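For this one, two forms of the same chain are given in structure tokens, first as structure 1 and then as structure 2.
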Structure 1
Amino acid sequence: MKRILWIPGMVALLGVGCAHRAAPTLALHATAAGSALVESSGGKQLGMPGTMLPQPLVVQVNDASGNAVTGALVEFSGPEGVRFDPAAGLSDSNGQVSTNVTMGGIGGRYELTAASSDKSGKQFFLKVTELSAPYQQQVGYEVNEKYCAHCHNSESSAERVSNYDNLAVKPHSFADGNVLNKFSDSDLNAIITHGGPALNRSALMPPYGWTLSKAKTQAVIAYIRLVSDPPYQPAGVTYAK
């Protein structure tokens, strides 16, 4: 979250044509080699442009049997402006390498890459998506946490108890691009403002037109477009390959 294509209210992928790779860390020497990289934690986080993500990105090196490999070299890269600390590391006793990620200065979806090499020297890769939210999407996130996530997020947290399991009609996650990408911005605005019945959807979706300003409603829509998986691509927009 593939070069930058910024259109108000939506976000394009970042990453193709401007990949930034840190210089090789010569002090690190691999003592082992794996055959696959898997994400352990830290993917699809939401941060702000130019800031460090809340949690480190952790990847794991495995062998062909799925066992963790200790001592394999992993290098991280991403679009221009993304920084990694460290940019490379050797897998620990659990086969894992951790790095802190600072996002680039432009909001969007960032595709990051972790790379390692097998015994023959052939590289293998893992792609991880992180999200960088400018002001409007940050407002949308805050509105989501206050009003929407109680029903649209099936997982409870220390700050929020989910009501998802109590609902007869299960709300879609805001990241469910297979469903929500089919709705136009006008459709989403109608549902948020007037409730589900506005577009023959569930009456369990209440109207928020008296609760949210137009600006905050648009911010929620922008947030939905940002977190969409698969990514939202409005009709008529051409993306660089």
Structure 2
Amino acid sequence: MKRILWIPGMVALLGVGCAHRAAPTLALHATAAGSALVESSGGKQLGMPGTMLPQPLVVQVNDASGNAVTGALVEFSGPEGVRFDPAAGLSDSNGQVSTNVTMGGIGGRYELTAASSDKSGKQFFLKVTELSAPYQQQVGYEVNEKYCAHCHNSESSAERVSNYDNLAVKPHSFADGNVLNKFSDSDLNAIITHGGPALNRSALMPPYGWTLSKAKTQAVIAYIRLVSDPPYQPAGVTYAK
């Protein structure tokens, strides 16, 4: 504002600017401002391309002391094709805003952003990752949750307790692309089917050849490729110039 008042000739424009700001497309008026956004629930979900994620994404606005703020405006955005219902909302009495997310039509990792503003109008953000994948990776996700995650994921969840801290040799998160991308599909197939010793690694990695069908083994490999960060680039396909 100050900057505009320095130039008397711009006073008319100032009026236009204010009128424009007074009529936002969304009829939501923040009555409070926080200073940080945290994820309450709904991150790291897996949905079919073009469909709504099973759980809503819920984020919380906090003040500088970590207390929930009611009445702060939160706006959601994401890559092309992602839809939010609603796309913006005011934080409720728990400081939370909830939105239903419909994934874009292409499978892959989607980084979503929730944005809010502090008292001075400065924006702050929260990034949330969701996955969109066709049926095979969905099956792989379920295989992982049932057979692999309690060792390969160091975090416990409501459904499973992590065994990671008890392992003398530490497995990697399947999202650790720097490690997992170095395994060819046939290496992955060997270690999953025959266990760690198939690749001269620890027998703490059990064999799954008796437990998983070939299709389920392929599905969990497809899932590992999907979640890897940095993304997996299949070797071997080179195009001549």
Ligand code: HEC
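Everything quoted here is computed from the prediction, not taken from an experiment. Residue numbering: sequential along structure 1, first residue numbered 1.
Matching the description of the form predicted alone is structure 1; structure 2 comes from elsewhere. Of the candidates A133, P79, A219, V97, only A133 lies at a hinge (point where C-alphas switch from fitting one rigid part better to fitting the other better) between the two structures.
C-alpha superpositions between the two structures give a turn of 26 degrees for the smaller rigid part relative to the larger.
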